[in-house]
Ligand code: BES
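Only one chain is included here, represented as structure tokens and corresponding to the form predicted alone.
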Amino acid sequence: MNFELTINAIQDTASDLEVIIVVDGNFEHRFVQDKELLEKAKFKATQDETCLLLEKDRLYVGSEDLASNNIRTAVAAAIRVAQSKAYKSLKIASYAGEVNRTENLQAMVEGLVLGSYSFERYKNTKSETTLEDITISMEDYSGWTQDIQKCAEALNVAQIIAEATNFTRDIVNTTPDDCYPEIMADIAKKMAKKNNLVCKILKPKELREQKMETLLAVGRASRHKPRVIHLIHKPENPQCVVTLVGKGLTYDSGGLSLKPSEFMATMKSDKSGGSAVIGIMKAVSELNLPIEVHGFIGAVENMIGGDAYKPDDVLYAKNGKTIEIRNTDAEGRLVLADTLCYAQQEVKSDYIFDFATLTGASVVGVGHYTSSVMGNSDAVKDLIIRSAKEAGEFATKLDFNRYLKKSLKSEIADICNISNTRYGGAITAGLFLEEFIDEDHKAKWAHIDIAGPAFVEHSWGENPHGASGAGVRLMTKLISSLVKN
């Protein structure tokens, strides 16, 4: 998809199709040229509602207001319609809302790139689209004069972030037979080589040397051996250091605590946290942010077999803590426990964030579209939630408390891998992970459970059926916000 900015007015810009956003139901605006036809079509201009006037080559889409998140989803809805037709190019005006405000242009470009995504690797018959060129006119909805240089920079940032999100979606959507730990490591290595990142891969021998026994136990019954991936973006004189840790369960059968069949489908999505870390590292390196960023991914497959780890086992984590296993389907926290310990051993950070499709309880608690944020520092949690909102993702806090922490008590080991209550499962999983955060990082760490938004079996907003790339836009926005001008 090729983007071009032009100072020409929208009516003087050549294109096969014009996209017009109807803001807050305002059919009297100068951009709206077909009020009578729209009324005949009973177009109400509700959020993301579209109306294509083929005879006019104009596509209308509704937006409640000029908020960037609404502009993003509106153009995503529009691009889906445009791609289904025979148009080769489209044009759209600017909807900045305020003078010298580029957030809406960035949101618009993200919506166009994210909304145009499809995953058809396994289809013999691919969807055909002829749409290639998109021109954005600097003529603004509110009449503001915008700085074209700032707009060009925002366009470039938007493309990088959206394409990194789509890159992440591709990894998550790939089937477990085509994306197992070794392949996930290969994907990271190829991306790192292209983007001038350092990439280190730990194989089973190195994992044993590092005493990452809980991670190794989870992968013991799989023919695909675990990997821990370490990606490094290290600019000169970095302003601060950020560590990202991702759960990369390339497939999760539940192990001997076997999942019911209806919950086993879509478990290719259990690598969403690790995939997001790879996507974030791609975006950070292409934006060349002056922040040192380390990405760690625990890539493991949890299967059944004669060598599977078992309920009643006691495992030794890298930091020496013993873990009583009561459910082998609570495996992601075991992988993260060792990977978090290793990450803290290798890097002393100003911030450490982990991403995981960790619990169904998070989905029960906050729904399919929202990530749950946990940790010890309100300032760090608030930073994540603010960044999510600005980036167009949903996130909310789940607070720790000492009463739920007691539910992880084990009679035979230091801690149990599941709680003794069915309630508060997202929080107890976060409390389990806290046991593997050292004192230096206690107030610098946050856990982000992306089980809700990472993979949904219907389209929503700018997201298609399947993987959303949850976490990529959120964390790229957060890391960008740490840059001091």
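All residue numbers refer to positions in the sequence shown, first residue = 1. The structure presented is a predicted model; accordingly, all values stated were derived computationally and were not measured.
Heads up, the form predicted in complex with the ligand isn't pictured, but that's what we're talking about next.
Contact test in the model of the complex: residue 155 vs the ligand, heavy atoms, 4.5 Å: So residue 155 does not count as contacting the ligand.
When the contact criterion is heavy atoms within 4.5 Å, does residue 448 count as touching the ligand in the model of the complex? Residue 448: no contact with the ligand in the model of the complex.
4.5 angstroms heavy atom contact with the ligand in the model of the complex for residue 359: Yes, residue 359 is a contact residue.
Decide whether residue 267 counts as a contact residue for the ligand in the model of the complex under a heavy atom distance cut-off of 4.5 Å. The answer is yes: residue 267 has a heavy atom within 4.5 Å of the ligand.
Thinking of 252, 327 and 418 as the candidate spot, does the ligand come within 4.5 Å of a heavy atom on all of them in the model of the complex? Yes, the whole trio is in contact, each within 4.5 Å by some heavy atom.
If the cut-off is 4.5 angstroms on heavy atoms, which of these, 333, 227, 233, 169, is the one near the ligand in the model of the complex? Exactly one listed residue reaches within 4.5 Å, namely 333.
Using a 4.5 Å cut on heavy atoms, which of 101, 220, 259, 397 is close to the ligand in the model of the complex? Contact check passes for 259.
Counting only heavy atoms and a 4.5 Å cutoff, which of 405-413, 142-150, 244-252, 375-383 contacts the ligand in the model of the complex? Of the stretches listed, the one contacting the partner is 244-252.
Counting only non-hydrogen atoms and a 4.5 Å cut-off, give the residues of 468-485 close to the ligand in the model of the complex. Nothing in this stretch is in contact.
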